[in-house]
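The chain below stands alone, shown as structure tokens; this is the form predicted alone.
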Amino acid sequence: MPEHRIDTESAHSARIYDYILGGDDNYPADREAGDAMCREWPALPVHMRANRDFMHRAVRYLAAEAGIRQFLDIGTGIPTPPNLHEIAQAAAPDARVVYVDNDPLVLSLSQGLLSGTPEGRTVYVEADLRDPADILGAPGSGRPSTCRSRSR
């Protein structure tokens, strides 16, 4: 991944989200933008955490209680622990998870972080939400086995 594709001088939505959630993958421009957003919408961090908490509860239920074994996370953003595959595979080690995003920053940060259990699989696909056929046809999206990406 060429580093020149990642602009650390300008605020980036995924890094702002990471910052507001308390993550480490952000830069001064992201923190400044996040602080400005929170001044205008003081409850934003609470709403963002509630969104993550809901995702955790829903995935845990689907994997543990409903028997779901395949998850597709479109627009995954920067990995923020616990990630979807960690929640799903804690409840069902054989769960398969495909993360999809079209952001080179997300791809760069995801490559080493999104590894699943030996029984399940975790895959990252670089694709665009506006092209579902591309997502569903991407290597690994049907039966994930390794972390792969598609360049756009």
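Every value quoted in this text rests on a predicted model; they were computed, and no experiment measured them. When you see a residue number, it is the position in the sequence shown, counting from 1.
The form predicted in complex with a small molecule exists for this protein as well; it is not shown, and the discussion that follows is about that form.
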* Tell me, please, which stretch of 86-94, 37-45, 62-70, 103-111 lies within 4.5 angstroms of the small molecule in the predicted bound form when heavy atoms are compared? => 103-111
* So in the predicted bound form, does any heavy atom of A133 sit within 4.5 Å of the small molecule? -> no
* Would you check, heavy atoms only and a 4.5 Å threshold, whether Y17 touches the small molecule in the predicted bound form? => yes
* Tell me, yes or no, whether V123 is in contact with the small molecule in the predicted bound form, where a contact means a heavy atom of each within 4.5 Å. => no
* Does any heavy atom of G75 come within 4.5 Å of a heavy atom of the small molecule in the predicted bound form? -> yes
